[in-house]
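Shown next are two forms of a single protein chain, provided one at a time as C-alpha cells under the names structure 1 and structure 2.
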Structure 1
Amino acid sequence: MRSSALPPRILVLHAGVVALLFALNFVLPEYHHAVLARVMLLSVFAMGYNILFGYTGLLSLGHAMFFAAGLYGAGLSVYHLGWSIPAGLAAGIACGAALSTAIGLLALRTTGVAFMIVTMMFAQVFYLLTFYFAEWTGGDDGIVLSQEIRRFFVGDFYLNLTDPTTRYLLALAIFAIVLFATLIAVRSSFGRVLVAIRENEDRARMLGYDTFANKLAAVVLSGTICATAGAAYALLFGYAGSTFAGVQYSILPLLWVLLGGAATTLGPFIGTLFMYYVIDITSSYTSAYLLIVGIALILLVLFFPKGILGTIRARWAGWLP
C-alpha cells in the first residue's frame, strides 16, 4: 500500500494545534503556562502509549518503565557522569530504545492477558530496581538536577531550562515533533499494518506480513517515544524519582489515551489536558483524586469506550486521523 500525502485539512488541523499552543505561550497566566508545559510532555508519553495500545491493539500495563528509562537515562547520566544536557537527552532516548527492544522481544512471545501481566511484572522489576540502587537513584526522594547544570550553551546558543518560557517552547518543540512523527507513522504503510494486526492478526499474517517484526517495531517506537518524554521531563523539570516508575504511571497513559480517544493522533493530548485539569480542580476540594481516576476509568469503559476524539470521529468527522 502506498503511503499517501497528507490531505490539507489534516495538515492544517495539526499545524493549527501547534500554532495555537505557541500563541498560548504569550498569553497564558503563569500557573496555566507551567501546567501546559507539563501536559505537553506527558501527552508525548501518552502518544507513545497510543502507538501500541490504540493502533496496534496491545494493552501494556508497564509503560512506566519506558518513561522511567528515559527519565533515569537522562537524569543519572547528567547527575552522576556530568554529561551535558543534550547528551543526557540522547542517553535517555537510547535507554528507552534498548529497553523496549529487550522487553518487546520477550513480552511479544505472549498475547492477550499474559502480555498485560508480563509487561506489568517487568515494570515492577524496574520499579524495585530503582529502590535496590537507591544509592544512585535516591529511591523515593529521587535526584534533583541543580539549576547550574540546567543552564548551558549549545554552540553559541544559550539555553536556560529553569526559565518558564524556554521550558514551554522546548516542550512544545518535542510535542510538535512527536505529533507529526506519529501522524506520519500511522498514515504510512507501517501504520496500516499495525491497524491490520489490531483488527485481525491471523489475517495480517496470512496476507504475508511479518506480524512479530511489525509488533516489535511498534513496541520499540512506542517505548522510545515514551522514553523521550521521560528524558525531557527529567531535564526540563530537573527531577527524577521512583514515583514515575510506579504502577500508577503505567495506568495514567492508558487513562489519558482512553479518554482522548485511542488510535487518534490528537486524542492523547486532549485526554492528558482534560484529566490533568480534572485532577487539578478536584484536588482543590478533596485529596481523593484517585477516586476520580477510578471512577473515570470505569465510566469510560462502560459508556464512552471511544473517548472524546474517537466519538467525534465516529459521529461527525470521519476524516480525523
Structure 2
Amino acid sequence: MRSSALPPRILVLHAGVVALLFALNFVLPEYHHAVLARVMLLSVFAMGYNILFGYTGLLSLGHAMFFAAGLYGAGLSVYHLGWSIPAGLAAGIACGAALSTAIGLLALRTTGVAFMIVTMMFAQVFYLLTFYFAEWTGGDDGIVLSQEIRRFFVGDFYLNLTDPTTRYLLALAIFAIVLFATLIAVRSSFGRVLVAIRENEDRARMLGYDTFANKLAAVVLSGTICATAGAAYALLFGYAGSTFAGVQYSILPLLWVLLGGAATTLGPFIGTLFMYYVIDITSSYTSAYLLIVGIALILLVLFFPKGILGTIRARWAGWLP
C-alpha cells in the first residue's frame, strides 16, 4: 500500500495552483476577477461532491440541498436574526453537517440507482420548502444581504465583503483550505477505505471495515464541504435564492467532476473553470450556446474519457492525486 505521506511534487503542484490564483488577483480585469472568485467557491462545491461520487462511488442527485443548506443557513441567520458574518458562516456549515448526517442515515439504507433517486427526492422536498417558507426565504426572488451587513470587524481587522479584492482573497482562502483538507483526507487510511468501498464493497466488508460507517462519514464530509461553499457564496456575493436548491445544481457538480476528472483533487476546479468559461464565452456570441457547449463536451469526452486531469493522470502522469 502506498504511503499516505504527501510527496513533495504533489505539495508543490497544489501550492503552485494556490499561488497562481493569488497572483491572478493582482492582474485580472474586473470582470474575470469576479468570475474567478465565483468559480473557486463553486469548485469547492464540486470538491465536496467528488468525495462522495469520485472516491466513494455513490452517485447523488441531491447535493443542491447541501449547498442550499449552507446558503440559507448563513443568509437567513444574518438577514433575519442579525447574526454576525462569522456566526452566519458557522451556522451555514452546521446546517449542512446536520442535514447531511440525517440524509445519510436514511439514504444509505439504499444502494445504486435507489440511492440516487432517494437523494433526488430529498433535494426536491428541500427545494419546495424554500417556496413554502417564502416569507423567510424570498422564494424565487431570494434575499439580498445589504452592503452594511457585509461590512464588519473581526477583532481589530475591518472586513468589507463587498470589496472585490477582499471577496477574492476570502474565496481563495476557503478554496485552499478545502483543497488541502481534501488532499489529506483522500490520501489517508480513510480515503483508502472509501476507494476500496467504491471498487468492491463486499470485499471491503469482508476485510473487516464498517462500510456503512465509512459511507456515512463520506456523506457528512461531502455535505459539509458543499454547505461551506454555499455559506461562503451567500456571504461573499450577498444573495440566497431557491435557484441554488434546484435540480440543476445537483447535476452541475456531477458534470464539473466528470469533466475535470473524478477521484482527482484538482479535477473539480479544472472542470468548473472549463465549463463556466465555455458557457460564458459561447453565450456572448449566440443564443444557441447550449448546442456549442454540448459539442464541446462530446469532444472532451471522446478525447478525455476520464476527464481532463483523470486522462492526463492515466496517460502521462500517474503520480497525480
Partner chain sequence: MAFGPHLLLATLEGLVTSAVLALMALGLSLVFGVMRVVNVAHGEFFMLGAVLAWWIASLVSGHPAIGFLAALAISPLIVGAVAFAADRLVLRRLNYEPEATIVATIGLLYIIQQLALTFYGPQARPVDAPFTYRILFPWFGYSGYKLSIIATSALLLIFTWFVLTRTRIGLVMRATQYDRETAQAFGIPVGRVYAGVFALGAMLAAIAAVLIVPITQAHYLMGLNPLLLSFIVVIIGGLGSLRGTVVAALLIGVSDGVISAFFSPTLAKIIATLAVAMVLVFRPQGLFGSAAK
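Between two forms, the rigid core is defined as the largest C-alpha subset superposing within 1.5 Å. Sequence positions of structure 1, starting at 1, serve as the residue numbers. The shown structure was predicted, so the numbers you read here are calculated from the model rather than taken from an experiment.
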Where is the form predicted alone shown, in structure 1 or in structure 2?
-> 2
Superpose the two forms on their rigid core, then report whether the C-alpha of V27 is displaced by 2 angstroms or more between structures 1 and 2.
-> no
To one decimal place, what C-alpha displacement in Å is found for A288 between structures 1 and 2 with the rigid core superposed?
-> 4.3
